[in-house]
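Only one chain is included here, represented as C-alpha cells and corresponding to the form predicted on its own.
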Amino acid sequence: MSDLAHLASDPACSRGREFLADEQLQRGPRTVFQRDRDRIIHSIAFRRLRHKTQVFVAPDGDHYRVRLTHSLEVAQIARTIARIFGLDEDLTEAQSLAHDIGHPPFGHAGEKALDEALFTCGGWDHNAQTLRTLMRLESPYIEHKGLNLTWETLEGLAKHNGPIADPDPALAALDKAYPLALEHWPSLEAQVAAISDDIAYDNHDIDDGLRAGFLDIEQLLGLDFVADRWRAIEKRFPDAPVELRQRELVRSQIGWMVNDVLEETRCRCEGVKDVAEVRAADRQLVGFSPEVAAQERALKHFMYENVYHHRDQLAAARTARQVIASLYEAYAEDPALMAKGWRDLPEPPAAAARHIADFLAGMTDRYAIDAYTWITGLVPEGLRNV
C-alpha cells in the first residue's frame, strides 16, 4: 500500500450522481471515476479547449500551449503524484482534464469582459462556469441534462481553489440543486489536481515565454532559485545549445516542485485517518513547503511582470475584451444573431444575461473572432485566427 492510500477516494463508496438513471447503466468494467474521466474526454466542451487561449491569444504558432495541451500536462503531473500516494488516479485525472472547461475565449481577458457584462447579475467566474457546463450545458444524454458526473468529481472542480464561503449565483444555483459541501476542503485527488495546475502553468508558461521572446534566460536568472538550477544544468551540459538547456531547466523546475509537494504533503497528512478528516481539515493538505511556496509566489510575480502583463499581451487583451463585450451587446440587442438553439432568451433578465454568457463562454478564440467579424464587418487588430 502506498503511504496515503488510506486517504484515497473509493469509487465503490461514491456519493453517486445527481440523476439516478445512470446508476442502472454499466458499459464495461469501469469504475464510476473512470466513467467520469471518459465522459469528459468525449465531450464537445473538452474538444473546444484546443482552440482556447492559455497564455497567448489566438496563437499563430503550432508549438504554443492552449487550454487543451495545458490540461493534458496537468493530468500527467497529477497522475504521477496520485500514483505515488496511492490515490485514485482516475478521479485525479478527471478533475485535471476538466478544470479549465469553463474558460471563455481569450483566457482571462474574456473572463473579465463577461464578469463586467454580468456585473448586475452577480458577475461571472470560470470555475463556476466549469460546473455549469458539465452539469447543465453539455447534454449528450436523453434522460438528463449535463454529463451527470459523480459528486466527488463535481465537488473537486467546484473547490479547485479551496472551500467557498460565498458562491456566485451560478454556482449557488447548482449547489442548491445538488449540494457539494462548498464549505469543506475537497478530496486529496482534487487537491493534487489543483497543485498540479500551478506546477504546470508556472513552468510551461516560462517555456512559452522564452519561445515568444517575451523572456530571456538572463531575466530568469534574477530569481536565485532558478539560477541555482541553471548553473547545475550548465555544469552538467556545458556544450549543449541554450535552447535545450532552457527546456532542461523547465523539466528541472517541475521535478523540484513535485518533490517538494510529495515531502510536504506527507508531513501534513500525518495522523489524518480517513477521507472525512481530509475534508474537515483546517487547511489544504496537498501543497508546497513554506520556502518553496514563497519562491513559487516570486515566480508568479515575475511572470506577471514579464509575460502576462507584457505590453503586447496587454494590447491583445484589450482587443479581446472589446470583442467579447461587443458580441455580448450585439446578442443582447438581437438574439437572432446567436447560433440556432440559443436564440430564445429565458426570463427574467438575469437568466437572459447568463444565457448569452453561456453562449459566449463556449466559443473558441477563432469562433469569437469570426463572429465579431461577421457582425461588425471588422477584423480585430492584434488577434490572429489559428
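Computed from a predicted model, the values in this text were never measured in an experiment. Residues carry their position along the shown sequence, with the first being 1.
In what follows, reference is made to the form predicted in complex with a small molecule, a form of this protein that is not presented.
**Student:** Check for me whether the small molecule, as it appears in the predicted complex, comes within 4.5 angstroms of all of Phe85, Gln253 and Trp256 - heavy atoms only.
**Tutor:** Judged in the predicted complex, none of Phe85, Gln253 and Trp256 sits within 4.5 Å of the small molecule.
**Student:** Exactly one residue in His184, Lys145, Arg245, His108 has a non-hydrogen atom within 4.5 Å of the small molecule in the predicted complex; which is it?
**Tutor:** After the contact test, the surviving option is His108.
**Student:** Exactly one residue in Arg354, Arg67, Arg321, Arg39 has a non-hydrogen atom within 4.5 Å of the small molecule in the predicted complex; which is it?
**Tutor:** The residue from Arg354, Arg67, Arg321, Arg39 that makes the contact is Arg67.
**Student:** What stretch, of 256-264, 146-154, 281-289, 307-315, brings heavy atoms to within 4.5 Å of the small molecule in the predicted complex?
**Tutor:** Among the candidates, contact is made by 307-315.
**Student:** Closest heavy atom of Ser43 to the small molecule in the predicted complex, within 4.5 Å or not?
**Tutor:** No, Ser43 stays farther than 4.5 Å from the small molecule in the predicted complex.
**Student:** Residue-level contact is defined here as any heavy atom of the residue lying within 4.5 Å of the small molecule in the predicted complex; does Gln295 satisfy this criterion?
**Tutor:** Looking in the predicted complex, residue contacts with the small molecule do not include Gln295, since no heavy atom lies within 4.5 Å.
**Student:** Would Met338 sit within 4.5 Å of the small molecule in the predicted complex, counting heavy atoms only?
**Tutor:** Residue-level check for Met338: no, no contact with the small molecule.
**Student:** Can Asp197 be called a contact residue for the small molecule in the predicted complex at 4.5 Å between heavy atoms?
**Tutor:** Residue-level check for Asp197: yes, a contact with the small molecule.
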